[in-house]
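Shown next are two forms of a single protein chain, provided one at a time as C-alpha cells under the names structure 1 and structure 2.
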Structure 1
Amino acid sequence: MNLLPRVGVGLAAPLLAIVVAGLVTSLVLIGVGDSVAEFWGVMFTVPSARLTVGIVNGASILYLSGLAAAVAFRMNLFNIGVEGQYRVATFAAAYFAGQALLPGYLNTVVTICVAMVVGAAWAGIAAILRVTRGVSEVISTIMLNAIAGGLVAYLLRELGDQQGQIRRTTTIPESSWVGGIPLIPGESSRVYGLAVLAVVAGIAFAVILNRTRFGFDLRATGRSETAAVASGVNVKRMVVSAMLLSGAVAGLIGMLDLFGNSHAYGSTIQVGVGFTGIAVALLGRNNPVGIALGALVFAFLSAQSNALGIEAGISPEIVAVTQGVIVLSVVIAYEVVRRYQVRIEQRDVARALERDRAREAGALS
C-alpha cells in the first residue's frame, strides 16, 4: 500500500467510530424522549474560558490514568486496579505532605516520590500473586480496589480531621503548594502546575516503550510469551516490572489536584478516575498521542454535560452512555478497518507475485 491509502485507512477507524457513536447516542435520546438537536447543540457549544481550563485540568488527570492502564495493557496485562492504586497513593501522599517533615518544595518532590512508591507497591501485590500463584491480575486488582476503598476510609477516619461536614487529612503547608499555569489571558482559573507531570510521563512512556530494551521486551512479551521466553526474556520479571511501573504512574494521578487545588485528601475526593482511565487507554489504542486525544474527548464530554440539565433538560448521565458507546465503537471500528487493511495487503501481495511469475515466464520463453 502506498502512503495515501494508508493514511486514508488510518483515518477511517476514528471517523467510523465517531459516526457510529453519534448515531447510537441519537437513537438512545430518541428512545428516552429527549431532544437530539438540543443535546448536540449543547455538546458542541464552544466552552467558556473557565470551562476550557477545567477541560485541560481534567484531561491532564485522565491522561495519567490512561497511561497507567496502557503500561500494563501493552504487555497484555489488565490492570483494573488503577482506581485503588490512585486512592491509596493519594491518601499516603496527602498524609505525608501534611506532616510537613520537609520544607517547601522539597516536601512536594518527596511526596510525589512517596505517591509513586505506594502506588507501585499496591500494584505489586497483584503482580506477586500472578507470578507466584497464577492468580489473574483482573481478579486480584478488582479485589484490591475494594480493599483500597475500605482501607483508605478507615485510615481517614482514624487519622483525618473533621472540618465541617468533610473529613480530611491535615492541610499541606502553603509553601509546598504548586501554583497554576495561566492558559487564557484574563481568566482567573489556571491549569494545574503539576500538569507538566502528564507531559513528562507521556514522553517517558513513548521513549521507554519504543527506544529501550525494556520497552522491546515488554511489547514482545505482550504479543507472545512463548516467543519472548525463546528470546531470553524473563517473563515473570517483566510482569512484576510492568505492574510496578503501572502502579507508579497511577500514584501520580492525584498529585495534580492535591498540590494545585484541594491541598488535602478528603471524603469528597474524585472517584472513578482510574476506571475512566482504562476507557481512555482503550480509546487511545495505548498510544501516548492517542491517549491524549482520548483524555481530551472524555474531559470535554464531562465538562459539557454539566450544562445539559440546565439548558436542554437532559440528564447528564446520557454523557456516560456516549462515552461508553465511543469506546465500543472505536474497538469495533479498528477491528473492521484492520481486517479490511489485511485484505488489501493480501491482494497487493498476490498481484506482486503474479507480476513476478509473468516476468519469469517471459524470461524463460
Structure 2
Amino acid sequence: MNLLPRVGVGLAAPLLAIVVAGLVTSLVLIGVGDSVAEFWGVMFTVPSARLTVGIVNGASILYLSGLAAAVAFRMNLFNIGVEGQYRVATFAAAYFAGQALLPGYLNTVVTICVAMVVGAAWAGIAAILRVTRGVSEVISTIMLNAIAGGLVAYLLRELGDQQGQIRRTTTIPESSWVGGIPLIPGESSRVYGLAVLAVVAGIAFAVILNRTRFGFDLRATGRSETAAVASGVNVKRMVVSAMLLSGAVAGLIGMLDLFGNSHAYGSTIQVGVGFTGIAVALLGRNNPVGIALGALVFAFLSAQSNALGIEAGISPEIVAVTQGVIVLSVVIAYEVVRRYQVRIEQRDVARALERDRAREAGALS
C-alpha cells in the first residue's frame, strides 16, 4: 500500500470519530432538553486571545501526559499509573524546589531532574514487579495510583504548611520561577515557559523511537515479544527501560504549572490529567504528532466548556461526554479501517496467487 491512502486513512478515522462524538453529544443534549444550537455556537466560537493561551497551556500539559502513556504503549505496556507518577513526582519536585538548596535557575533545572527521577522510580516499582514476579502492570499501576494519593496526602500533612484553607508545600523562591512566553502580542496572559519541555520531549520521543537501536527494539518487542527475543532483545530490560522512561516523562507533567503558576504543591493541584493522557495517546495513535493534535482537541474542548455555563446555561460536564465518545469512536473507527485494510490485502494476495496459477497453467499447456 502506498503512502497517500495510508495518511488518508490515518486522518479519516479520528475525523470520523470526532463527527460521531458530535452527533452523540447532540443527541444527549436533545435528550436532556438543552439547546443543541447554543452548545455548538459556544463550542465553535473563535477563542479569545486569553483563551488561546489557555488552550496552548492545557494542551502542553496533556501532551506530556499523552507522551508518557505512549512510551509504554509502544512497548505494549499499559502504564495506567501516569496519574500517580505525576502526583508523586510533582510533590517531590515542589518540596525539593521549595527548600531552595540551590540558587536561581540551577534550582529549576535540578528540580526538573528530581521530578523525572521520582516519576521513573514510582513507575519502576511496577516494572520490577512485572519482570521479577510477573505482576500485570495494569493492576500494579492502578494500585500505585491509590498509594500515591495517600502517600502525597500524608507527606503534605507532615511537610506542608497551612495557608488559609489550603495545605501546600513551601513556595518556590521567585528566582527559580520560569516566566511565560508572550504568544499573542498585546495579551497579558502567557504560555508556560516550560511548555518547551513538551516540544523537546516530543522531538526526543520521535527521534528515539524511529532513529535509534533502542527505539527499534522497543517497537519490535511491542509488536512481537517472541520475535524480539529471537533477534536477541533482552525483553526484561526493555520492560524496565520503557516503564522508567514513561515515568520520567510523567514526572515532567507537573513542572509547567509548578514553575509557571502555582509555585507550590497544594490541594488545588490539577488531578486526573494522567488519565486524560491515556485517552489523548489513544486518540493520537501513540504518534508524536497525533498526540499533539489529540491534546489540542481535548484542551480546546475543555477550555471552551467554561463558557458553556456562562453563555448558554449548559453544564460544562457535557464536554466530558464528548471527550469520552471521541475516544470510544476512535477505537472503533480504527478497528473498522484495519479490517478493511486486511480485506484489501487478502484480495491483493488472492489476485496475485490467481495470476501465478494462471501463468503456471499456461506454461504447462
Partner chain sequence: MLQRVVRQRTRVASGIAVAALILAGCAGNDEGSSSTDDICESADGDGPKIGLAFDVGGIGDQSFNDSAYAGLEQVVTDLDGSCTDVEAADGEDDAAREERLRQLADADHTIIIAVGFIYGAAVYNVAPDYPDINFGIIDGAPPEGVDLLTNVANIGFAANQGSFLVGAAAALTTQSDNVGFVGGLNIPLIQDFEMGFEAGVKEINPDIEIQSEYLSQDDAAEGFESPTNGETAATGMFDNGADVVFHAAGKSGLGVFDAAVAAGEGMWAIGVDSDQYLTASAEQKPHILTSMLKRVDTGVIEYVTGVADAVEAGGEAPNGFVTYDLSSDGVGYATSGDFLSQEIIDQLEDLKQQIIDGEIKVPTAF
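All values derive from a computational prediction rather than experimental measurement. Numbers follow structure 1, counted from its first residue as 1. Here, rigid core means the biggest group of C-alpha atoms that superpose within 1.5 Å across both forms.
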(message) Given these two structures of one chain, say which is the form predicted in complex with its partner chain.
(response) 2
(request) Check the Cα of E345 between structures 1 and 2 on a core superposition and give its shift in Å. (result) 3.7
(request) Report, to one decimal in Å, how far the Cα of E354 moves between structures 1 and 2 once the rigid core is superposed. (result) 5.4
